[in-house]
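Here we start with a single chain on its own, the form predicted alone, put down as structure tokens.
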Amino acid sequence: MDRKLPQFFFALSLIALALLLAAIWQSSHPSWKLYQREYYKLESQGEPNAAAKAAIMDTSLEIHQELLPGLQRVDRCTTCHLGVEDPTMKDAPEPYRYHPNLAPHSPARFGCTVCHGGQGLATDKENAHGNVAFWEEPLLPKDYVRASCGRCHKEGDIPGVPELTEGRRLFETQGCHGCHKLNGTGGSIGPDLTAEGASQRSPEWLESHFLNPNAVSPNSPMPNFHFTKEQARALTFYMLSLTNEHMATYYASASLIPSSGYGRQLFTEKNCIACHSIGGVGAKEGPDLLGVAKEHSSEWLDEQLVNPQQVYPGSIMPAYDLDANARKALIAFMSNATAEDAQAILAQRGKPLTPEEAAIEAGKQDFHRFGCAGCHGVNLQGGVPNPNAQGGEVPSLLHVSDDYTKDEVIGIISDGKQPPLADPHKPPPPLYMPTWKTVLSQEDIQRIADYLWSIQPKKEAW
């Protein structure tokens, strides 16, 4: 036994020495050096003579990195992906292949990870692609890389990414705000989605969740909206674009230059012509907007769009949830809008609204914008399952005036309400009416009630 102990420690010493030598060899032969040698070998094949080939093969091996303070990133991806800006490498294997359509987003200005994900500082494949523990932003699957366009392109249609545009539209029209917060606005029944794209939920998980929420998250309060495969994919694109990442001014301005054309689109979508005229063409409830940019500064107009009640107390104009670029675009359109523009916009819709109709239209917009449709239905039909609530589902609002007065409904919207229990011994229903008085103004709540009463069946007088 005494003789075996020194032999045992000698063997351990040899193993430790071997491991040390292996670590030294590995540190001096990292994988990125192998990739660079292979790249230069490929590049040298097109050279006409031995001297030119030798010059390429003698290129020093070094780490390439892009410092991107505006994105708070350091990317070393081109250490291995050396051919991304070399068109002669369009048929090369990965990681040497040329990246098409890269001109507007050169790695020197944008890096790679802002679009593709991954861990920019890493220099070995597994870590660089972000498939490691505690890294929240792994490489996006190829089919979903275009979702990252929404990190900078936050408004309007994005050429080549129709899924992102459709995902935004579905989020706004299907009442998702009623249960989910996004950038501080919305309900709290479901998780906050402001940084959903920075979570570790995979695109496959998100898509499956939209197709059948309870199959992925048992007992989820989220109803099954019976989305198609295409709609679930579009919503997944939108979720992946939500990272709550701060973009420096350069990237914000490069992502969307607020244009008069986009402002016209917003003016039409928000139905501004229902209350305003341009050069005498349109409705008369709000001010005529011809030359409005000459009467007021852009700062004043911006404040009017952000908080109309503060600028004009008692105004029926809703406080639309527009970000800074969208407001700039709308102001740009109003600065140049003509009576001909108003005539063209009116041609796309029916007759001008009366003051009462305009107020009801504002209430309808609020009903959808703040997510009421998510539980009560786009057509107020209700029917969303709500276990252990009396009736087992969210009630329809089509006949709400049969059971409540308008003042009672205003009180319920303001203060919230828990649905009556079907069985007091079981857990409370997952869906409930939250308190909205801290989110909505009294005018918004009144308009929603006016909208609800506008669709109530007219009762016959005796």
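Each form is matched to the other, and the largest set of C-alpha atoms that superpose within 1.5 Å is called the rigid core. Position 1 is the first residue in the sequence shown; the rest follow in order. Model, not experiment: these values are computed from the prediction.
Another form, the form predicted in complex with heme C (HEC), is not on view; read the next lines as being about it.
Within 4.5 Å of heme C (HEC) in the predicted complex, a heavy atom is found for not a single one of 262, 332 and 337.
Under a 4.5 angstroms non-hydrogen atom cutoff, heme C (HEC) in the predicted complex lacks residue 323 among its neighbouring residues. Contact annotation for residue 418: at least one heavy atom lies within 4.5 Å of heme C (HEC) in the predicted complex. Taking the partner from elsewhere, residue 315 is found to have a heavy atom lying within 4.5 Å of heme C (HEC) in the predicted complex. Heme C (HEC) is not shown here, but in the predicted complex it comes within 4.5 Å of a heavy atom of residue 295. Residue-level contacts in the predicted complex: of 342, 362, 77, 234, one residue has a heavy atom within 4.5 Å of heme C (HEC), and it is 77. Residue in contact with heme C (HEC) in the predicted complex (any heavy atom within 4.5 Å), chosen from 271, 243, 165, 277: 271. Taking a 4.5 Å heavy atom cutoff to heme C (HEC) in the predicted complex, the contacting residues in 106-127 are 107, 110, 111, 112, 113, 114, 115, 116, 117, 118, 119, 120, 122, 123, 124, 125.
Comparing the forms between this form and the one not shown, the C-alpha position of residue 143 differs by less than 2 angstroms, with the core used for superposition. Positional change of residue 188 between this form and the one not shown stays under 2 Å at the C-alpha, relative to the superposed core. Core-superposed comparison between this form and the one not shown: the C-alpha position of residue 220 differs by less than 2 Å. Legend note: Cα of residue 149 to Cα of residue 333 is at least 3 Å closer in the predicted complex than in the depicted form.
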